[in-house]
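Below, in C-alpha coordinates: the form predicted alone, a single chain.
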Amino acid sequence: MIGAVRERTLTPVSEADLSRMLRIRHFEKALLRLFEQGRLNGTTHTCLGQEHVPVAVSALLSPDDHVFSNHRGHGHFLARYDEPHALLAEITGREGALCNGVGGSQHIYHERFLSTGVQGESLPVAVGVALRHRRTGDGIACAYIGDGTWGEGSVYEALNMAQLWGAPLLVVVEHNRIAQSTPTEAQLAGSIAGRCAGFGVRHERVESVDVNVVRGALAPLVEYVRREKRPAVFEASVHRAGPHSKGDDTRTAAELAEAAAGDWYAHYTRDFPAQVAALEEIERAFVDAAVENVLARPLSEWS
(Lines give C-alpha, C1' and ligand atoms only; values in the text may rest on other atoms or scores of the structure.)
Protein backbone atom coordinates (compact mmCIF):
# COMPACT_ATOMS: atom_id res chain seq x y z
CA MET A 1 0.00 0.00 0.00
CA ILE A 2 1.35 3.42 -0.91
CA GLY A 3 1.79 5.61 2.14
CA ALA A 4 0.77 9.22 2.57
CA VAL A 5 2.62 11.78 0.50
CA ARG A 6 4.87 13.89 2.69
CA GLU A 7 6.56 16.77 0.89
CA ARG A 8 8.70 19.08 2.99
CA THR A 9 9.64 21.67 0.38
CA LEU A 10 8.55 21.88 -3.24
CA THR A 11 10.83 22.89 -6.08
CA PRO A 12 10.04 26.22 -7.80
CA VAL A 13 7.14 25.78 -10.20
CA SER A 14 6.77 27.44 -13.59
CA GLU A 15 3.90 29.83 -14.16
CA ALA A 16 2.68 27.66 -17.04
CA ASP A 17 2.47 24.49 -14.92
CA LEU A 18 0.86 26.14 -11.92
CA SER A 19 -1.62 28.04 -14.09
CA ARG A 20 -2.71 24.84 -15.82
CA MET A 21 -3.08 22.98 -12.53
CA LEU A 22 -5.21 25.81 -11.14
CA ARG A 23 -7.26 26.05 -14.33
CA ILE A 24 -8.11 22.36 -14.12
CA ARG A 25 -8.97 22.71 -10.43
CA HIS A 26 -11.36 25.61 -10.93
CA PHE A 27 -12.92 23.91 -13.95
CA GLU A 28 -13.71 20.89 -11.77
CA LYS A 29 -15.01 23.01 -8.91
CA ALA A 30 -17.25 24.89 -11.35
CA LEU A 31 -18.79 21.59 -12.47
CA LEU A 32 -19.61 20.65 -8.87
CA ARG A 33 -21.23 24.06 -8.33
CA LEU A 34 -23.34 23.66 -11.47
CA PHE A 35 -24.60 20.32 -10.22
CA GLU A 36 -25.42 21.83 -6.81
CA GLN A 37 -27.37 24.60 -8.57
CA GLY A 38 -29.32 22.11 -10.67
CA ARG A 39 -27.86 23.54 -13.89
CA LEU A 40 -26.06 20.34 -14.90
CA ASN A 41 -27.53 16.86 -15.22
CA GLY A 42 -26.11 13.34 -15.24
CA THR A 43 -22.90 12.78 -13.37
CA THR A 44 -19.24 13.72 -13.38
CA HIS A 45 -16.03 12.55 -11.74
CA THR A 46 -13.58 15.30 -10.86
CA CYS A 47 -9.82 14.95 -10.60
CA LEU A 48 -9.43 17.25 -7.60
CA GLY A 49 -6.12 16.46 -5.92
CA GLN A 50 -4.69 14.76 -9.00
CA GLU A 51 -4.24 17.72 -11.37
CA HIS A 52 -0.44 17.78 -11.17
CA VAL A 53 -0.07 14.32 -12.72
CA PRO A 54 -1.49 15.02 -16.21
CA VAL A 55 0.26 18.40 -16.25
CA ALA A 56 3.54 16.59 -15.59
CA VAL A 57 2.77 13.91 -18.17
CA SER A 58 1.53 16.11 -21.00
CA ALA A 59 4.75 18.10 -21.28
CA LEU A 60 6.53 14.84 -22.18
CA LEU A 61 4.11 13.84 -24.94
CA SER A 62 4.38 14.79 -28.60
CA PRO A 63 1.52 15.80 -30.93
CA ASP A 64 1.79 12.37 -32.58
CA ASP A 65 1.08 10.49 -29.35
CA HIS A 66 -2.36 9.13 -28.54
CA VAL A 67 -3.87 9.62 -25.08
CA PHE A 68 -6.48 7.29 -23.58
CA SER A 69 -8.37 8.53 -20.56
CA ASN A 70 -10.95 7.25 -18.11
CA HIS A 71 -14.04 8.45 -16.24
CA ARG A 72 -11.96 10.95 -14.24
CA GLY A 73 -10.48 12.51 -17.33
CA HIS A 74 -11.16 16.26 -17.48
CA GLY A 75 -7.66 17.01 -16.22
CA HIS A 76 -6.14 14.64 -18.76
CA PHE A 77 -7.90 16.52 -21.54
CA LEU A 78 -7.21 20.04 -20.27
CA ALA A 79 -3.53 19.27 -19.70
CA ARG A 80 -3.31 18.03 -23.30
CA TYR A 81 -5.57 20.60 -25.00
CA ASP A 82 -6.23 24.15 -23.88
CA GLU A 83 -9.89 23.94 -24.88
CA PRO A 84 -11.95 24.34 -21.68
CA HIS A 85 -14.84 26.04 -23.49
CA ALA A 86 -15.25 23.09 -25.86
CA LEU A 87 -15.05 20.57 -23.01
CA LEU A 88 -17.59 22.46 -20.92
CA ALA A 89 -19.86 22.74 -23.94
CA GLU A 90 -19.62 18.96 -24.33
CA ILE A 91 -20.51 18.35 -20.69
CA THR A 92 -23.43 20.79 -20.82
CA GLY A 93 -24.61 19.83 -24.33
CA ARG A 94 -24.10 23.30 -25.84
CA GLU A 95 -22.99 24.52 -29.22
CA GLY A 96 -19.25 24.27 -29.79
CA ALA A 97 -19.05 20.93 -27.98
CA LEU A 98 -16.23 18.52 -28.72
CA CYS A 99 -18.58 15.68 -29.73
CA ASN A 100 -21.82 17.62 -30.33
CA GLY A 101 -22.80 16.99 -26.72
CA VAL A 102 -23.34 13.25 -27.11
CA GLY A 103 -20.17 12.15 -25.26
CA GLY A 104 -20.76 14.14 -22.10
CA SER A 105 -18.29 14.06 -19.25
CA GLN A 106 -16.82 10.59 -19.74
CA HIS A 107 -16.81 9.73 -23.45
CA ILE A 108 -14.66 12.24 -25.31
CA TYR A 109 -13.09 11.85 -28.74
CA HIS A 110 -10.92 14.71 -29.96
CA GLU A 111 -7.95 14.47 -32.32
CA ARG A 112 -5.69 11.89 -30.63
CA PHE A 113 -7.56 11.79 -27.32
CA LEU A 114 -10.18 9.22 -26.32
CA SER A 115 -11.85 8.71 -22.95
CA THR A 116 -14.26 6.10 -21.65
CA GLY A 117 -16.26 5.53 -18.49
CA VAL A 118 -15.81 1.74 -18.72
CA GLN A 119 -13.01 0.67 -16.40
CA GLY A 120 -10.12 -1.02 -18.24
CA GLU A 121 -11.74 -0.65 -21.65
CA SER A 122 -9.11 1.69 -23.01
CA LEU A 123 -6.04 -0.48 -22.43
CA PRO A 124 -6.62 -3.14 -25.14
CA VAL A 125 -7.49 -0.34 -27.57
CA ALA A 126 -4.34 1.53 -26.53
CA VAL A 127 -2.27 -1.58 -27.25
CA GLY A 128 -3.65 -1.72 -30.77
CA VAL A 129 -2.88 1.95 -31.36
CA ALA A 130 0.59 1.51 -29.83
CA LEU A 131 1.29 -1.33 -32.28
CA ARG A 132 0.36 1.00 -35.11
CA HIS A 133 2.82 3.52 -33.71
CA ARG A 134 5.45 0.77 -33.63
CA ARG A 135 4.96 0.23 -37.37
CA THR A 136 4.93 3.90 -38.30
CA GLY A 137 7.50 5.02 -35.73
CA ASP A 138 5.69 8.29 -35.10
CA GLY A 139 4.67 8.14 -31.45
CA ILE A 140 3.43 6.17 -28.44
CA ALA A 141 0.12 5.47 -26.72
CA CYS A 142 -0.42 6.82 -23.21
CA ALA A 143 -3.27 5.40 -21.12
CA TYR A 144 -4.41 6.70 -17.72
CA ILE A 145 -5.99 4.31 -15.23
CA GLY A 146 -6.59 4.23 -11.48
CA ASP A 147 -5.56 1.68 -8.86
CA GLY A 148 -9.11 0.30 -8.80
CA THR A 149 -8.88 -0.63 -12.48
CA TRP A 150 -6.32 -3.33 -11.62
CA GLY A 151 -9.31 -5.49 -10.73
CA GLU A 152 -10.24 -5.69 -14.44
CA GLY A 153 -9.02 -8.63 -16.52
CA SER A 154 -8.53 -6.42 -19.57
CA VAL A 155 -5.58 -4.76 -17.82
CA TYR A 156 -3.67 -8.04 -17.72
CA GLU A 157 -4.65 -9.08 -21.24
CA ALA A 158 -3.38 -5.71 -22.46
CA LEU A 159 -0.08 -5.91 -20.56
CA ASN A 160 0.46 -9.45 -21.82
CA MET A 161 -0.10 -8.44 -25.44
CA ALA A 162 1.94 -5.25 -25.12
CA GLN A 163 4.94 -7.07 -23.70
CA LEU A 164 4.74 -10.01 -26.10
CA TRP A 165 4.36 -7.87 -29.20
CA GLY A 166 6.51 -4.92 -28.20
CA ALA A 167 3.91 -2.15 -28.02
CA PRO A 168 5.17 1.35 -27.12
CA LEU A 169 2.54 1.83 -24.41
CA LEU A 170 2.85 4.06 -21.36
CA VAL A 171 0.34 3.27 -18.60
CA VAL A 172 -0.04 6.08 -16.05
CA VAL A 173 -1.62 4.86 -12.81
CA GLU A 174 -3.10 7.58 -10.62
CA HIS A 175 -3.08 5.65 -7.35
CA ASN A 176 -5.54 7.57 -5.18
CA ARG A 177 -6.01 4.83 -2.57
CA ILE A 178 -9.70 4.23 -3.16
CA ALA A 179 -11.86 2.56 -5.81
CA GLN A 180 -15.11 4.56 -5.63
CA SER A 181 -15.79 3.70 -1.97
CA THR A 182 -13.50 0.68 -1.45
CA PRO A 183 -10.05 1.32 0.05
CA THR A 184 -7.29 -0.10 -2.12
CA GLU A 185 -5.95 -2.37 0.62
CA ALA A 186 -9.36 -4.07 0.73
CA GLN A 187 -9.40 -4.96 -2.97
CA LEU A 188 -5.80 -5.16 -4.26
CA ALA A 189 -3.62 -8.10 -3.18
CA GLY A 190 0.10 -7.58 -3.49
CA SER A 191 1.26 -4.48 -5.37
CA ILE A 192 1.02 -2.92 -8.80
CA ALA A 193 4.79 -3.29 -9.10
CA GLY A 194 4.48 -7.02 -8.41
CA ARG A 195 1.77 -7.44 -11.01
CA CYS A 196 3.88 -5.66 -13.62
CA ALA A 197 6.83 -7.88 -12.74
CA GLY A 198 4.74 -10.93 -13.60
CA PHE A 199 4.75 -9.78 -17.22
CA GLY A 200 8.28 -8.43 -17.19
CA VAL A 201 6.92 -4.92 -17.68
CA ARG A 202 9.05 -2.07 -16.39
CA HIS A 203 7.46 -0.16 -13.51
CA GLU A 204 8.34 3.05 -11.71
CA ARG A 205 6.60 4.69 -8.77
CA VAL A 206 6.73 8.22 -7.43
CA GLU A 207 5.37 9.57 -4.17
CA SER A 208 5.34 13.33 -4.64
CA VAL A 209 2.94 16.18 -5.26
CA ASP A 210 5.73 18.22 -6.86
CA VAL A 211 4.99 18.49 -10.58
CA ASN A 212 8.71 18.78 -11.36
CA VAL A 213 9.55 15.65 -9.36
CA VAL A 214 6.77 13.68 -11.04
CA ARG A 215 7.90 14.81 -14.51
CA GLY A 216 11.54 14.11 -13.70
CA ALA A 217 10.72 10.57 -12.56
CA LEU A 218 8.57 9.93 -15.62
CA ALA A 219 10.87 11.35 -18.31
CA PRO A 220 13.29 8.38 -18.44
CA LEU A 221 10.34 5.99 -18.64
CA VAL A 222 8.81 7.86 -21.56
CA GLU A 223 12.18 7.79 -23.31
CA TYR A 224 12.41 4.05 -22.66
CA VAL A 225 8.97 3.42 -24.22
CA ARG A 226 9.90 5.49 -27.28
CA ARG A 227 13.37 4.01 -27.73
CA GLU A 228 12.75 0.35 -26.91
CA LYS A 229 9.19 0.14 -28.25
CA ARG A 230 8.15 -1.57 -25.03
CA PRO A 231 5.38 -1.00 -22.49
CA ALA A 232 5.98 0.58 -19.10
CA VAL A 233 3.84 1.46 -16.10
CA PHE A 234 4.23 4.68 -14.13
CA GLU A 235 2.51 4.74 -10.75
CA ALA A 236 1.89 8.13 -9.13
CA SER A 237 0.75 8.37 -5.53
CA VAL A 238 -2.07 10.91 -5.28
CA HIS A 239 -4.98 11.80 -3.03
CA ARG A 240 -8.54 12.14 -4.28
CA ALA A 241 -9.46 15.47 -2.72
CA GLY A 242 -13.06 15.40 -3.96
CA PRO A 243 -15.94 12.92 -3.96
CA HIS A 244 -16.12 9.89 -6.23
CA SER A 245 -18.61 11.68 -8.46
CA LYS A 246 -20.87 14.58 -7.51
CA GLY A 247 -21.20 14.14 -3.78
CA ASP A 248 -20.94 10.48 -2.86
CA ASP A 249 -17.99 10.50 -0.47
CA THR A 250 -18.13 7.74 2.14
CA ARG A 251 -14.75 8.38 3.73
CA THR A 252 -14.42 9.17 7.42
CA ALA A 253 -13.49 12.60 8.72
CA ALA A 254 -9.96 11.36 9.40
CA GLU A 255 -9.62 9.97 5.88
CA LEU A 256 -10.87 13.22 4.37
CA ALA A 257 -8.39 15.17 6.49
CA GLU A 258 -5.57 12.93 5.25
CA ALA A 259 -6.64 13.47 1.65
CA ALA A 260 -6.76 17.25 2.16
CA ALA A 261 -3.29 17.21 3.74
CA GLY A 262 -1.93 15.25 0.78
CA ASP A 263 -3.49 17.50 -1.84
CA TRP A 264 -0.90 19.21 -4.05
CA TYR A 265 -2.84 22.48 -3.65
CA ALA A 266 -2.19 22.60 0.10
CA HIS A 267 1.54 22.10 -0.45
CA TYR A 268 1.84 24.75 -3.16
CA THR A 269 -0.22 27.24 -1.17
CA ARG A 270 2.13 26.67 1.76
CA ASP A 271 5.38 27.03 -0.19
CA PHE A 272 4.38 29.61 -2.84
CA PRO A 273 1.46 31.58 -1.34
CA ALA A 274 1.92 34.76 -3.40
CA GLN A 275 2.36 32.92 -6.70
CA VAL A 276 -0.67 30.71 -6.06
CA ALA A 277 -2.84 33.66 -4.99
CA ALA A 278 -1.97 35.73 -8.06
CA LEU A 279 -2.47 32.94 -10.59
CA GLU A 280 -5.54 31.57 -8.83
CA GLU A 281 -7.32 34.90 -9.18
CA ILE A 282 -6.64 34.83 -12.92
CA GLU A 283 -7.71 31.22 -13.42
CA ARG A 284 -10.83 31.51 -11.27
CA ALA A 285 -11.96 34.53 -13.28
CA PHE A 286 -11.16 32.75 -16.55
CA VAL A 287 -13.23 29.69 -15.63
CA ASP A 288 -16.12 31.81 -14.34
CA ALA A 289 -16.17 33.70 -17.65
CA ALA A 290 -16.01 30.42 -19.58
CA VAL A 291 -19.00 29.06 -17.67
CA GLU A 292 -20.99 32.21 -18.36
CA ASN A 293 -20.06 32.11 -22.05
CA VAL A 294 -20.88 28.43 -22.57
CA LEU A 295 -24.15 28.41 -20.65
CA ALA A 296 -25.37 31.36 -22.72
CA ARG A 297 -25.06 29.27 -25.88
CA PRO A 298 -28.00 27.34 -27.35
CA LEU A 299 -28.14 23.60 -26.92
CA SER A 300 -26.32 21.49 -29.48
CA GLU A 301 -28.67 20.17 -32.15
CA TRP A 302 -27.55 16.67 -31.09
CA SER A 303 -28.34 17.19 -27.38
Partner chain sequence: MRVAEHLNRSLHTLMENDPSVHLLGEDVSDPYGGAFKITKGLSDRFGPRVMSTPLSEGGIVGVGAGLALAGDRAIVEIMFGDFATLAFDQLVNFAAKSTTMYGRRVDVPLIVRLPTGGRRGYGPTHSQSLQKHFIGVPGLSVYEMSPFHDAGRLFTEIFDSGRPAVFFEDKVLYTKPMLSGGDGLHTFEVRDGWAVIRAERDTEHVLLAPGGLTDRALAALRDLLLEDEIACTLLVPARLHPLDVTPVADVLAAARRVHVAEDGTAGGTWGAEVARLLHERLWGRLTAPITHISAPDSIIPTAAHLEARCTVQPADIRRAINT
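Positions refer to the first chain, counted from 1. The shown structure was predicted, so the numbers you read here are calculated from the model rather than taken from an experiment.
Quick note: we don't show the form predicted together with the partner chain, though the next part is all about it.
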Could you check which residue among 114, 213, 196, 222 gets a heavy atom within 4.5 Å of the partner chain in the predicted bound form? 114
Just to be sure I understand the contacts: of 170, 78, 145, 98, which is the one whose heavy atoms reach within 4.5 angstroms of the partner chain in the predicted bound form? 98
Residue 229 versus the partner chain, in the predicted bound form: is there a non-hydrogen atom within 4.5 Å? no
Is there a heavy atom of residue 121 lying 4.5 Å or less from a heavy atom of the partner chain in the predicted bound form? yes
In the predicted bound form, residue 190 touching the partner chain (heavy atom, 4.5 Å): no
Given that the partner is absent here, does residue 233 sit within 4.5 Å of the partner chain in the predicted bound form, heavy atoms only? no
Can you check 157-165, 214-222, 78-86, 196-204 and let me know which stretch has heavy atoms within 4.5 Å of the partner chain in the predicted bound form? 157-165
Taking the partner chain as it sits in the predicted bound form, which residues of 85-109 have a non-hydrogen atom within 4.5 Å of it? Please list them. 98, 99, 100, 102, 103, 107, 108, 109
